[in-house]
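Just one chain follows, in the form predicted alone, and it is written as structure tokens.
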């Protein structure tokens, strides 16, 4: 086991340094301030994989609330007594509902149980809003009893709480009641009984939300998960995917127009990931679209990030579709292009415009000030630029200030990557989305990745990346350390790299299909990984301008002779943040040599933050969510040259003040 330590001292103490090796001198030029670090540099990418939306960030607790799952309208429900499913309901895009009918026996019951997403997690002392659209088709009134129950209870009864709800009249109306469970339970069940006179009653869009959602929104986000996003200080928010934008086929692509307007009338969609992993299979993985584009824009605004929506370019997922007939011919792309133009109007248009009015009617008259739009996800071959070109022309003509994001395909290098970058430059894309899920050795070799990129072409968006170790494709500290090392290349090349987002973002511990992921959760708890902490530190200490930092005249990229060190530096007003990642198993003595100062100028150490762990191949857990976390350490001294010792296998941020 490697013993961790952090010994920091000013130059005056260098004579008593504990290391005999020659220190690595890091020269930092303060005279020539580099490129601005974009506000969008470090952000987040959301895709509905691993039950990230329904069952995750979206706080709805009822599965299949509108009885629209295509194979079985009662999937997620247990019906008892006399229950019928009908499809002539009040919402044209969600026509199904249930009819509860007297079971015909005084000692039998009619009703429904809902299992939620891996159970329904509730907390004692918290309140939950049950709502339902209902009617008594023959007129008059009927009564329901609403309960949260523990089906495994050894007590005299199963219910944690119960409330009566009266339904009146033959017209569809929305009703609600507040439930207050007396017990914390991660896997409760919602139960509805037909009681009283047991008069025939119709129910549609049965919903249960915690009243304490993020920002108190009724159709809101799970508070702890949204808070974890806010705490990252994200500059950009890419949504809704990813591969779900493309769909397993075009019929199931993500259609943003189905995700806006009244939540009761948003049609369900088959999730792209439902059939993808038979070894981790979830046949009930659908998108309710309750978390839709309005909610994405609203959340972007509330967490302080620029929204970056990604839209279909008319190509179904190329990993799942080899037949050219699976895609839209270029000459038939106009509806898809119009979708993109309409989205910009939805986000930015006045309330008098068609789609601006939709936004206003949803509660946000002011524009969302959309600046970026992505067209396509991980497409490749000539078919992609052929499809992208008419989008670029139409968007440029109608909205010349909107920046367009293209893609370099699914690979970080190679034939498709080399083909698509020149194509993106030819078409005039503003940014190119690069993806790389790669092993240890790739990340260790990429410290200089962007140092020699073409400065005259599009900017870089590192839109999906994570360290995927061979044999250790799960979250662990060492992988996050190498991600931190790689990110020094992003920061040093702030003139060409304008955005970066780790992926994927969320995973339910009982519903995951892909890992590693940034944030894990169950029905009641959540955990921020070591990779989350890396992202958070870069966002918190982002700075305003890149600074030149070299060792023996070369960028510090983990190259041979650099002792496993990666480093970058930024200026933030009167402060300088120097990020040093030591990927070696030995402590490294370093000297920070500041050049470009006036004769009497100096810098002083103002502390450091380090992220390190002896648990190299482990991470935080739901039971121990904070066992790997940054710690602050003292770092003082003053001068033009200051010294420190950097821990082995450690990510350290040194703070200097002028």
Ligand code: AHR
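Residue numbers count along the first chain shown, from 1. Remember, it's a predicted structure, so these values are computed and weren't measured experimentally.
One more form of this protein, predicted together with the ligand, exists but is not displayed; see below.
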Would you point out which of 301 to 309, 534 to 542, 235 to 243, 98 to 106 contains residues with a non-hydrogen atom within 4.5 Å of the ligand in the predicted complex?
235 to 243
Evaluate residue 45 for contact with the ligand in the predicted complex, applying a 4.5 angstroms cut-off between non-hydrogen atoms, and reply yes or no.
yes
Can residue 199 be called a contact residue for the ligand in the predicted complex at 4.5 Å between heavy atoms?
no
Is residue 464 a contact residue for the ligand in the predicted complex, using a 4.5 Å heavy atom cut-off?
yes
Give a yes/no on whether residue 437 approaches the ligand to within 4.5 Å in the predicted complex, heavy atoms considered.
yes
Though the ligand is not shown, can you say which of 501, 408, 377, 582 has a heavy atom within 4.5 Å of it in the predicted complex?
377
The ligand isn't shown here, but in the predicted complex which of 57, 61, 41, 49 has a heavy atom within 4.5 Å of it?
49
